[in-house]
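Each of two forms of one protein chain follows alone as structure tokens, named structure 1 and structure 2.
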Structure 1
């Protein structure tokens, strides 16, 4: 029996009871979580499940999701960065928090304009291919890629998408250039991959698990250092064990508030975040998506901010070397 969980829950509940009249009243109106992508996508799904888990530790507060898509998520980021710092407008964002500074020449915000509340989850990626691609395992895939340089089409869901970033790192690590084919979303990219119009894609398990399980695509590897445990993906080797040493890509999500948000609100939100992450229903839903709920120190502001800084250092050179920018 895990004896630490009840103690953790009690400690976090106490943290929610922050001192002061303002803190006692917060939140006294609707809290809006801005999702910088369209409804129905993987980040939107995470946000809606997380909002449900967040309501109880915030005293049953009303929490609504506002989808502000466009410009690779930067419109939603900008909206929150410029919002009133009162604790009622917060951002749930993914790895774009770290990659947008390198991808976009004219960002309307800076990463310093946010208060970092904590990290929520990590979503592994999978290397998949059209069902008619000849290789049947990763070793064969590498040989095929070497033999077909200049002829390989690599799909992604658009500039800055998870599939775009993973594809860039995959190419640079293998030192094999591929023709990048951007789409307006994962849906059309996956449709063309299944139909054989493109060869490869590297995308998150939230988008690929069903297609792999249904045999609609070929799957070669996962991008995390350890194998996954879900029935559909457990047999897939990692790129690390397949010889691509140091390859570790996951699409993570975190929670942010505008710079200057009062500390009592930040403390309450962080304590509520930590309680939401041990909510059994939330954990169950994330596992079903192939996502891993974060339970380490990155759920706190200091360590999450360090993580984002390290991700900026990791992705900046890869993006700059590829020369793929947006205004």
Structure 2
């Protein structure tokens, strides 16, 4: 939906006419959380657990997830940037919020078109492969990649997605080019990896833990400087200890609303976010999947906005140096 004048006027009228009453009533209808990747993937999984935790502090509101995958998450970002700023359409996005500005020459939104609600979690990534890939550990994987140059397929969720960034760093550190196969999210990519249609993928532990544990995929390494602590993932070496000095990719998720969303709605959403992040069930589920729920000042709009700005500054030069861009 475009942010049309009538929609803006309605949101404004609601907020101005009787701010107290409007604030008390909000939310009085379904809140839609747009997830900018396909269903069944890691962002989707975080969003569904988070929506469950958000429901109670938001007065028992009905919350639905809408998956708008494609173009590395930017289609979903655009949808929310242009949505009516009435508190009923919000975005749960990840690091692509910070990488897209450097990658997409014709981005249909600006980073300033969002209200920042707060950060949710940080999630490590893992290097995984189809179950039939011959190597059984990281050293064997490197040898196999060297021997199969030109024949390797690497799945990702489109330019700017976490899987793209991680895969990019992985290829450039090893100096081995791979053919990337983009999906609308790593949910469908995982299905193809398990089925053997693609060889490799770098993906969040929130999507890979269960598949690694069930032996559906092979896992070689984690992308954070320290080993992880969950039983399934603790046995995996870090890329750093495997010889890739300085390799560190950990992604984050945050919550955003269209610019101009009434302050009472933003305040309620932020207060609910902070309560959701200490919901014991949510914290337990996230920890079991290798994610770390944020508890510091980044759960507030000001610090989260600063964090995203710092991430834009961090990833912009990496992306430019790699000569990556999309129209």
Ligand code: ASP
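We call the rigid core the largest set of C-alpha positions that still match within 1.5 Å between the two forms. Positions refer to the first chain, counted from 1. Small disclaimer: the values here were computed from a predicted structure and weren't measured.
A.B. asks: Choose the one of the two that is the form predicted alone.
C.D. replies: Structure 1, which is the form predicted alone, differs in this respect from structure 2.
A.B. asks: Which of these, 160, 222, 34, 123, is at the hinge when you compare the rigid parts of the chain between the two structures?
C.D. replies: Evaluating 160, 222, 34, 123 against the hinge definition gives 123.
A.B. asks: Once the larger parts are superposed on C-alpha atoms, what angle in degrees does the smaller rigid part turn through between the two structures?
C.D. replies: From C-alpha superpositions, the smaller part turns by 25 degrees.
A.B. asks: May I ask for the C-alpha shift of residue 177 between the two structures, in Å, based on superposition of the rigid core?
C.D. replies: Looking at the C-alpha of residue 177 between the two structures, the offset is 8.0 Å.
A.B. asks: After superposing on the rigid core, how much does the Cα of residue 209 shift between the two structures, in Å?
C.D. replies: Here the C-alpha difference is 3.8 Å.
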